[in-house]
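Take a look at this one chain, the form predicted alone, written out in structure tokens.
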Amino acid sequence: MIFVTTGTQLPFDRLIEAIDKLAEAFSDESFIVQISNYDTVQVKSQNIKLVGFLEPEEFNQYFDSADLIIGHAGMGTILKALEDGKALVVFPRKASLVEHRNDHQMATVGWLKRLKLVNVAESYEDLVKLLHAFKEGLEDQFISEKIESVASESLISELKSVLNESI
């Protein structure tokens, strides 16, 4: 199962349309798309299951049982996937398409991409390439990382040192 989360603010029809098309191309997969603004969705999906706002427990059940997460570039989704070691594709919202107020999601994915922590898709074609790489286990074309949920001892030690020097 592939779980898709679109965030809680503005509509994200571009992602929903791309996922619906992706589900048609990968008909052996099931796609669950969580949309918090479910009542205002304009997209006519034919190949995916759309669900509205999910309570945290239900959201986590979908998240935990998914083989792959596709999400907007929200830090909650990114950090949860990285901490859980879940395969993740990030599809950032763009201000120029009125998907967000500014391009902070583009900045976020640019930074995370340089650190080689996430897979980034900006189009349907990118999603197709990444899903093929994921399904075929192509480690050189699909990033799958896990991070710790707390800072490393060396980082904590360095921060303590800096703080002690400033006092």
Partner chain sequence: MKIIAIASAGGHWTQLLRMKSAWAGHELLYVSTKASFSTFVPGERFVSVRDSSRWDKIGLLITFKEIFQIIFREKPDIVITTGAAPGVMAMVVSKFLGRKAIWIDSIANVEQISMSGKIASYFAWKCYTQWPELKNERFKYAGNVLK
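In this text, rigid core is short for the largest set of C-alphas that superpose within 1.5 Å between two forms. Positions refer to the first chain, counted from 1. Nothing here was measured: the structure is a model prediction, and the numbers come from that model.
Note that the form predicted together with the partner chain isn't included here; everything after this is about it.
Heavy atoms within 4.5 Å of the partner chain in the model of the complex are found in one stretch of 25 to 33, 121 to 129, 62 to 70, 108 to 116, which is 108 to 116. Not one of L88, L97 and E136 comes within 4.5 Å of the partner chain in the model of the complex, counting any heavy atom.
At least one heavy atom of E158 is located within 4.5 Å of the partner chain in the model of the complex. Interface membership of K49, defined by any non-hydrogen atom within 4.5 Å of the partner chain in the model of the complex, is ruled out. When the partner chain is considered in the model of the complex, K44 lies well away from it, no heavy atom lying within 4.5 Å. At the 4.5 Å threshold, heavy atoms of D39 stay clear of the partner chain in the model of the complex, well away from it.
Taking the partner chain as positioned in the model of the complex, none of the residues of 13 to 29 brings a heavy atom within 4.5 Å of it. After superposition on the rigid core, the Cα of I156 moves by 2 Å or more between this form and the one not shown. Expansion of the K116-L159 CA spacing by 3 Å or more is recorded in the model of the complex, set against this form. The pair S152 and T108 is tighter in the model of the complex: their Cα-Cα distance falls by no less than 3 Å compared with this form.
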